[in-house]
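Starting off, we have a lone chain in the form predicted on its own, written out as structure tokens.
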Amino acid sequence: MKRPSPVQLVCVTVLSAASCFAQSGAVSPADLKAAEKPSSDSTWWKHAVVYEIYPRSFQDSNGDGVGDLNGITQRLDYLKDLGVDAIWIAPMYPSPQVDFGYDISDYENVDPQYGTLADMDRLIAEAKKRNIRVCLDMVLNHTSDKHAWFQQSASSRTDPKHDWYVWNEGKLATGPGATPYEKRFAHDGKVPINDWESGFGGSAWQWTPATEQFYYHKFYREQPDLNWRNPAVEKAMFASMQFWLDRGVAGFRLDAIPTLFEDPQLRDEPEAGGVNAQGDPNLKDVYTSNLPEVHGVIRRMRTMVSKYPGDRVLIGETYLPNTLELDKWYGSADKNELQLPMDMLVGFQGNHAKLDATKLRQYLVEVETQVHGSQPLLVFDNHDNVRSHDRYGDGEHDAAIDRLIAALLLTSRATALMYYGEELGMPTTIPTRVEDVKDPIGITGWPKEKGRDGERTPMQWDATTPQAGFSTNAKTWLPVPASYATINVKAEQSDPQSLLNWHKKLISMRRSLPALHDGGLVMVDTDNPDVLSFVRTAPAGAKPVLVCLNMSASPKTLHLDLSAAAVKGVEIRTLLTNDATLTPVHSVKDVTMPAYGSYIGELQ
């Protein structure tokens, strides 16, 4: 939902991934050994490239300036050609669009601006013909305040659905416990019961005169939180998920899933110091996120989903402080919760991230060794964050850095999650005037927080019109960036050296090479602070693959010892590199990597 704050490192100072783990006791030699072994599991989502589509921005089929489901269907051949295995579609349900679909008013239908249920059925069927699965975004934490459930809940304290949401009478504004901050939100002599804040600014409690109570909203005030302590809520939400599973969706991405439960004692959150973009005190969300009760819900959800054929999958939006917390979302050793909680530690090291071989090595080894052998899910881009092109780019080596990130994402032993336009190098285009901002968090947080419009601009298909092939309407819901003239699908399809074709080559190798499809992972050259190198071990009869990624702005010469990967020889055949000087490399001895160079080779 909301752009995350920078994550904290588990080890503050590390000489290498291995030494960090040895000092912390977080991993054993047996765990490392297990990560090295190839897999024979053919479950589809364990090898998938999942592609997120923000439906408003992908393809407009009817000329209203807003993308829609039929537009996605029109572009399925492009996705097939790219090599996508599944698409995740951000919310397309009926919604007042206060938060552009994440405020849902009906979980079992399609918003008219996106199409109809018949359009969705057709999309699922056409995608299936191309071996592409369809996953939907499921928002379980809250509904729109226009949802019939909330309309009933807010009508009276005696309504049967009143307890479907989180209500509280507050406390007296004149009482000794009321703080100046809380008094800002006083109504009828009452103030919110605690200091909890909305992710979009201000108190997380909203007064409702009809009931003379406050309701809780973790996010925007038009997004009241459901009361998951009421079994009827779980039953109703599971039924909505079954509605879509019955229609053939392959699974769900679960939005803001750690926030389902709140502290029943309604204790104040501890202050973290300073203020946020909206001017509110920074708080530690220990009482409104990642409470243990959520895991019971996920286990029951997993049981429900597992009754369907076809290996349906649960993907979680899980911004967590470390890998040990991530493991809990898999179900730890029982592996009975989410199949694919998102590992945000690798791709999101704060919104002004710097490529750091030591940190990335650490995170990759952690997720290979600290999740009981579960499948990692890596992601560098999504609809809530400045694009990786801008977070990691330095303005000089952007093209090389884009390729490096793609190589890391698509050669790691992990399921890969992409975001539309990532394969083109689409930049983040942030509004320059507050009056142009559409995103509610940008409206409330301007100018410190400019919102998420910048990473949600229309897909750039071609340069034939100012709408970049996205729409025939001169006024698209967000402006098409000027970069469309050179960064677009049509131009990059015809350029063998384009970022788009780089992605296609990586995905093709990921599918065809046994080492990249089924291989284990072994870090090599682990003391190198600048170059991340690893070997994807190979199943019997196949050849291992070496990946080297220079994360510095200067050339680095490697002296690789591959004995840790049980590789005795030094001969190698280049598979893919972003620098022509590396193409003739045939030995792993004394390889000089250019600035932000990527090298992938098959060991002979």
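Keep in mind that this is a model prediction, so the values were computed, not measured. In this text, residue numbers run from 1 along the sequence as written.
The same protein also has a form predicted together with ligand GLC, omitted here; what follows describes it.
The closest heavy atom approach of residue 362 to ligand GLC in the predicted bound form falls outside 4.5 Å. Proximity of residue 256 to ligand GLC in the predicted bound form falls within the 4.5 Å heavy atom cutoff. When contacts are judged by a 4.5 Å heavy atom cut-off, residue 456 counts as touching ligand GLC in the predicted bound form. Interface residue remark: residue 216 is not counted as part of the site for ligand GLC in the predicted bound form, having no heavy atom within 4.5 Å. Screening 222, 449, 317, 327 for any heavy atom within 4.5 Å of ligand GLC in the predicted bound form leaves a single hit, 317. Contact with ligand GLC in the predicted bound form, defined as a heavy atom within 4.5 Å, holds for exactly one of 505, 397, 383, 295, namely 383. The candidate site formed by 99, 102 and 142 is fully in contact with ligand GLC in the predicted bound form, as each residue has a non-hydrogen atom within 4.5 angstroms of it. Contact with ligand GLC in the predicted bound form, defined as any heavy atom within 4.5 Å, is confined among 206 to 214, 230 to 238, 148 to 156, 383 to 391 to 383 to 391. Contacts with ligand GLC in the predicted bound form, taken as any heavy atom within 4.5 Å, map within 183 to 203 to 200 alone.
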